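Just the one chain here, laid out as structure tokens, in the form predicted on its own.
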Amino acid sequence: MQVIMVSVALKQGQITPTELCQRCLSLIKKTKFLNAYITVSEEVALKQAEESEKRYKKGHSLGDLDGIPIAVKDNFSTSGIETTCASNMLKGYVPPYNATVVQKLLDQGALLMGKTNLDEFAMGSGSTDGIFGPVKNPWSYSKQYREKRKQNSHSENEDSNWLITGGSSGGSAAAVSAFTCFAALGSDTGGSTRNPAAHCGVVGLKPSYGLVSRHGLIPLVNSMDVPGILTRCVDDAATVLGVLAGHDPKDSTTIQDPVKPFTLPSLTDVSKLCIGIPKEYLTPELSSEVQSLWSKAANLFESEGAKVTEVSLPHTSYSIVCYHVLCTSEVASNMARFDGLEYGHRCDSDVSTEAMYAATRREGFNDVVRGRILSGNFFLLKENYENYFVKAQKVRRLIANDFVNVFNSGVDVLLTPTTLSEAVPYTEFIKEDNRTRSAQDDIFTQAVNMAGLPAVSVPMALSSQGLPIGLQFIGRAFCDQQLLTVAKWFEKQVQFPVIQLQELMDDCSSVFENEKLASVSLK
């Protein structure tokens, strides 16, 4: 059910913010085993719901998000609520301020249900590497997947066969997918919002770099990080983007121009559109099912009159390596602030300041984070700087120019896969190390971050296993509204099925007195 429709139900008094909040809290408890949340802010949410209720009674709602439950990835600062980045380094750290995006949501009356799980410091593509343990994909427990598993005569040992959510914003994707909130914030540095969205059957939007403030998002790669939005439909992503977008004096990289609301028109005619299909994205590792859905989607646009054309992004093959150099270099620089002095973890050693620094960082960071810091510091060494960091900056420019050239040739939107395949079982996923996995999994997503473009993953269909597969649309810089309009048209055409989590949901609908709303609320 769309946020706008819930908002109407709230205005008409069919349901109250407190009832909505209680229902989501009850689902959070029921789905605790998914490990989607690190912190559940029950008291905060209920207090916010109470305030929202007072406003609705007076007829003074703050906007479409007033009384709407949302969740926030645990690398966004939340005033008075622990913010850990799923790392020992920040366990117990309670920020004194809100990230700008969090503040904007609260100013609109949204209810903060809690902070969601991630890979430590958002470094990973599985949401398996944080100190609070891996996130489980709600689709592992869906009727669709279970029925397919029975047909394929797998043993009914579900517990060992649960699927990963993708990452690093896996907690946010799982939280939205399992109906515990209506929208969630993720972050996206190389695909961290779009990848889990594809695996969890939700919409994952990475806005244009500079459209949404990064202030209060604990930085990974300053030149690529963007707050991401996860929702169950494209319209909801547009609603949230409308609230978040705009200049922030606390983030000098945000655009100066005033931003118009992102209400999406319903596109009826796509015949004036030109959709580009990058030929370099047809890689040998791409699963045949994703490839066939990608072709189907292209045919869908073509059959409705759009012009579909093959395009070239010639520097694609260099982008993973280029991304690795730039990403680790910026990580090394950003992680220097965690020294045990001002906030976060501090070791007990008092031999010397140097020993204290070393022990603090050894205890505070996991292997993945330490590995990226080491790589980055290597690339930034005086004797390596020109050969690695500076060269990677130049290649990044070439990659960004590839996109500029394609869009200048008349293409409106690019259509690509989001991930190589559907979600895999955890036991399968951890056979490869984090670095190998991230390099493989970011293949279709990270070039967009280097170019600063908007991109959105939209769920298209279920695989033969009964698992979601998403496709990615990439737009021109700051043409986020056009991008979302095309994505909305596509979403309407494909009619992606609703996840069936009946066993989990059955006793939740009783929260509603109004039967009609109960049946709609889980859609």
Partner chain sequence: MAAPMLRWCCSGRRFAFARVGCGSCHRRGPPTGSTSNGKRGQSSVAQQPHITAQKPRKGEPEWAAVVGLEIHAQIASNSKLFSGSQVCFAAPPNSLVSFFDASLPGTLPVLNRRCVEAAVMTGLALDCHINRKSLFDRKHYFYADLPAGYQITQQRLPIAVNGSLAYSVYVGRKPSQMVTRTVRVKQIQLEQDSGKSLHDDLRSQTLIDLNRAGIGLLELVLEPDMSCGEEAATAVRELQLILQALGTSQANMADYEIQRQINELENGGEILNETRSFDFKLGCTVPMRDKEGKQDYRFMPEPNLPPLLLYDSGSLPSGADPQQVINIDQLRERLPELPRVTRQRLVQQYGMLPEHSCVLLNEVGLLEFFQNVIKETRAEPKKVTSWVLNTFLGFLKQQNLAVSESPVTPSALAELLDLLDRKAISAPAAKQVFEELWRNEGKTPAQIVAEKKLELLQDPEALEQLCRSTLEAHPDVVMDLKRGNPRAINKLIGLVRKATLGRADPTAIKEVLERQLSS
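Note that the structure is a prediction, hence the values are computed from the model and not measured. Residue numbers count along the first chain shown, from 1.
What comes next is about the form predicted together with its partner chain, which is not displayed.
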Any of the heavy atoms of Glu304 lying within 4.5 Å of its partner chain in the predicted complex? no
Can you tell me if Leu217 lies within 4.5 angstroms of its partner chain in the predicted complex, counting non-hydrogen atoms only? yes
Wondering, does Glu363 line up within 4.5 Å of its partner chain in the predicted complex on heavy atoms? no
Would Glu432 show up as a contact with its partner chain in the predicted complex if we use heavy atoms at 4.5 Å? no
Since exactly one of Tyr318, Phe132, Tyr281, Phe389 fits, which has a heavy atom within 4.5 Å of its partner chain in the predicted complex? Phe389
Let me know the one among Ser223, Ser312, Gln291, Ser375 whose heavy atoms come within 4.5 Å of its partner chain in the predicted complex, would you? Ser223
Quick one: find which of 406-414, 325-333, 110-118, 237-245 has residues within 4.5 Å of its partner chain in the predicted complex by heavy atom distance. 325-333
Does its partner chain, in the predicted complex, lie within 4.5 angstroms of each residue among Tyr141, Glu147 and Ser266, using heavy atoms as the measure? no
Within 4.5 Å of its partner chain in the predicted complex, which residues of 241-263 have a heavy atom? Give them in sequence order, or say none. Pro249, Lys250, Asp251, Ser252, Thr253, Gln256
